[in-house]
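Single chain ahead, written as structure tokens, the form predicted on its own.
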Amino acid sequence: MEEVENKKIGEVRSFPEGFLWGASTASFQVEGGISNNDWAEAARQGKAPLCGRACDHYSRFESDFDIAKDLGHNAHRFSIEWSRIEPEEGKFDEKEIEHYRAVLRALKARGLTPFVTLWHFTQPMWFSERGGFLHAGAAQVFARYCSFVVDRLGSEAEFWMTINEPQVFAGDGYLKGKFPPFARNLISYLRVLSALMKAHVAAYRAIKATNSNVQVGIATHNIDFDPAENVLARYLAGFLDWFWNHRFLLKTKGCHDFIGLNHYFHHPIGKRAAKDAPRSDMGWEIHPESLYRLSVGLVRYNVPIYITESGLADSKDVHRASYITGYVGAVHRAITDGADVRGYLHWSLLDNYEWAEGFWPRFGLVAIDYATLTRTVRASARVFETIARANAL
């Protein structure tokens, strides 16, 4: 990787004191046993892969967090499953609140700072059947749910994210037809993006009114649009950068105590990617410079930045170690150049259900045998451990 190749012999790149190192998961992708949301219903209708017991993380979270601690992590991002908390509209399940309280306390007992995502793509059936975020009053309904959770659990965690990747949810659900509700309609796509902006603002304000001590942000999925050296390519890349990477943040400005940056894609505009560029099992180009550029691009918002997802599908664990070293190096360079990046959370701690792709992509630092649910730490996870324990590259 470029970052590795340019590293001087003997040079140690240290990260700021208190920098957070860890990995991320999402409820539906790892917990198992969730049947009351739109993705589970899509699977029953044959429109999406069956998730079933997934990794059974719902029952095994403590032993999974033991693995994270053993790997030198000091932070962990996970999501709360809305359909567990509010299985029927306005009816909240206190037993599930206590489950997630146990999750949060298990993290803290192991020295792992929790990052909690309140909504990571899946919708309770009652909410989905009413039209999801396109129905009247959706923003207030979502804010009520967020406020309820933070009222019950806000003392257990400092960092809360309202929405995961609104751009991906809108694009894959309402334009590409890959996610529920499997629509292909430009107007619906634009409407749902606007609705998600309103939902985030309403949730941010409701959470702050409930508990002013917590930090509230969002996980934005940003793409590096890399133009050729011509006017048209630069113009198109600039428009895409504004529309995809910044429009949501600008429309909700003032309602972010921090920004969670998720990143996977380098997208050349008007030129080809390097022929010899390494790629993940899903064909995604490995390009650390992209994470550098996107991190620096968020400086304008003047809030802390946390890398809340960055990873690759790599079943043979061939590229992951160099990926980690390269992308962590890119973060260090961004910090040196003024980006207030305070943590790096790899996607993912565990192999998991990768939405429309099912279980074949292997993103985990920890491999899962889905027949036995045996966990096996990959060699690349130990490379990440060395970095995390040293707080340096």
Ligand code: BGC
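Computed from a prediction, not measured in an experiment: that's the story for all the values here. A residue's number is simply how far along the shown sequence it sits, counting from 1.
As for the form predicted together with beta-D-glucopyranose (BGC), it is not shown, yet the points below apply to it.
Residue-level contacts in the predicted complex: of 224, 165, 86, 314, one residue has a heavy atom within 4.5 Å of beta-D-glucopyranose (BGC), and it is 165.
With the partner omitted here, the residue from 295, 280, 122, 262 that has a non-hydrogen atom within 4.5 angstroms of beta-D-glucopyranose (BGC) in the predicted complex is 262. In the predicted complex, no heavy atom of residue 327 sits within 4.5 Å of beta-D-glucopyranose (BGC). Proximity of residue 340 to beta-D-glucopyranose (BGC) in the predicted complex: non-hydrogen atoms within 4.5 Å are absent; the residue sits far from the partner. In the predicted complex, beta-D-glucopyranose (BGC) stays beyond 4.5 Å of every heavy atom belonging to residue 58.
In the predicted complex, at least one heavy atom of residue 309 sits within 4.5 Å of beta-D-glucopyranose (BGC). The stretch from 348-356, 41-49, 328-336, 58-66 that comes within 4.5 Å of beta-D-glucopyranose (BGC) in the predicted complex, counting heavy atoms only, is 348-356.
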